[in-house]
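As structure tokens, one chain now follows by itself in the form predicted alone.
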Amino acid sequence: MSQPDDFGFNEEAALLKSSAAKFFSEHFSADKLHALVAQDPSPDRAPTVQWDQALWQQMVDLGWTLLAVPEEQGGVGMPLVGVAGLAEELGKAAFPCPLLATLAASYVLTACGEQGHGALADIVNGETATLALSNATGSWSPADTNVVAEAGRLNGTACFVQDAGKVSRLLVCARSQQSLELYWVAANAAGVQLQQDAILDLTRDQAHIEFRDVEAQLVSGAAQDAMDAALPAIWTLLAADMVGAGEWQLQTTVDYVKQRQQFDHPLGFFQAVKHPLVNVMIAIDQAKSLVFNAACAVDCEPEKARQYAHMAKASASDMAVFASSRSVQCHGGIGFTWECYVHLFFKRQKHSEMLWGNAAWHRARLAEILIDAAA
């Protein structure tokens, strides 16, 4: 099955993207973001979970958490190319919320088939969720989980759990005597102990979670298969978020260099400023094209989805590094100050760069796919 020329980005997808852009423009400016998450510049501050829950509820009411849930399970079942447009606008606003985490859990649960229907029903009813599967070394492979399941109870620790302080449910990967399994756990269940991590990104929270004899609901006995099916969508949405953040960095920096005067000219007059920003624009366009190519592959060309998702995340990671460095550099002396909003997006991009593997890791996996195919 081949991809359509427009990636399948239809009128419905365009409407979702434009309505999301309008929503964030009206309700969540960069001023509000800075006021929300950057009140305390002290490097010794304790990690906190800062987010606008009232505004998040409006997003839930708009049905954004249901986009990855199939229609037959009560969700929207929107093609990934449409959801990627929403993720792009989310990254551009850097709004702290568990949307990406909940969408990721939804894709994994959908891949579980009938066994995941009960948990998907919880998401339809307003629950939010995140994945808990990484070990202390940062491996995202289900086979490396440090959580053990026995008789429906979990023991062990899951690390690098994203937006753990904002969700009501955990989708936990655990090892049993039979297989690698997925379990659905209430975040406030007895025996669940959450410890917030001190991270660079102020727009997200991250935690390690210890499970001590926690009663859990079995979702699937084939965790590896479910994760393999869902990972292309998860990587693609994160890459779309990075594209949106890169667009914010570019536009904000261009606006600044048009206004800031030096040697009787705007900074943007000088080629040493102008040319790097053009290169940022090219890097963003490249990453964006690969993101929508990967999203369309998930929708229309699943045999290519993993390959294209690796390409999208690798490109977005490289772009994030470059756009972040140029945005700080072109803002000059103010660019690395706490009062300048650039650092919020710089830190979000740095976190996203490493999340689910950096560019080098994805290129290595891409090489394995291509080399295996050639062999």
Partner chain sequence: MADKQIQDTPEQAAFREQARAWLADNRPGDPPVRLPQSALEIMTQEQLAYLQAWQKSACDAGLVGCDYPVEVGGGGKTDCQRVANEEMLRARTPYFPNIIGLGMAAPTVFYHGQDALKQRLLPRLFSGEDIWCQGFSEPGAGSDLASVQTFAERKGDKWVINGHKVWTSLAHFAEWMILLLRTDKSHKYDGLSYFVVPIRSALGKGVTVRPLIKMTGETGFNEVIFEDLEVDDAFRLDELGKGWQVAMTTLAHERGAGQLVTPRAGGMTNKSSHITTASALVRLAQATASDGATAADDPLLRDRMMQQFIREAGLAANQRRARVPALQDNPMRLSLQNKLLMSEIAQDTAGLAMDIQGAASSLYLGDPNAPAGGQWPMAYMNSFGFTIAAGTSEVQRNILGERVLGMAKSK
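Fair warning: this is a prediction, and the values are worked out from it, not measured in the lab. Numbering follows the first chain given and starts at 1.
As for the form predicted in complex with its partner chain, it is not shown, yet the points below apply to it.
Engineer: With its partner chain left out here, work out from 66-74, 312-320, 42-50, 335-343 which stretch has heavy atoms within 4.5 Å of it in the model of the complex.
Structural biologist: One stretch meets the cut-off, namely 312-320.
Engineer: Within 4.5 Å of its partner chain in the model of the complex, do E210, Q329 and K347 each have at least one heavy atom?
Structural biologist: Spot residues vs its partner chain: no contact at all.
Engineer: Is there any non-hydrogen atom of Q286 lying within 4.5 Å of its partner chain in the model of the complex?
Structural biologist: Q286 belongs to the contact set for its partner chain.
Engineer: Can you check whether L366 is within 4.5 Å of its partner chain in the model of the complex, heavy atom basis?
Structural biologist: Output for L366 is yes: heavy atoms within 4.5 Å of its partner chain.
Engineer: May I ask you to check whether H117 falls inside a 4.5 Å heavy atom distance of its partner chain in the model of the complex?
Structural biologist: Result no; H117 lies far from its partner chain in the model of the complex.
Engineer: Taking the shortest heavy atom distance, is W235 within 4.5 Å of its partner chain in the model of the complex?
Structural biologist: No, W235 sits far enough from its partner chain in the model of the complex that none of its heavy atoms falls within 4.5 Å.
Engineer: Can you pick out, from R175, R153, K274, R260, the residue that has a heavy atom within 4.5 Å of its partner chain in the model of the complex?
Structural biologist: It is K274 that has a heavy atom within 4.5 Å of the partner.
Engineer: Work out which of S141, Q193, Q251, N125 lies within 4.5 Å of its partner chain in the model of the complex, going by heavy atoms.
Structural biologist: By the 4.5 Å criterion, the partner-contacting residue is Q251.
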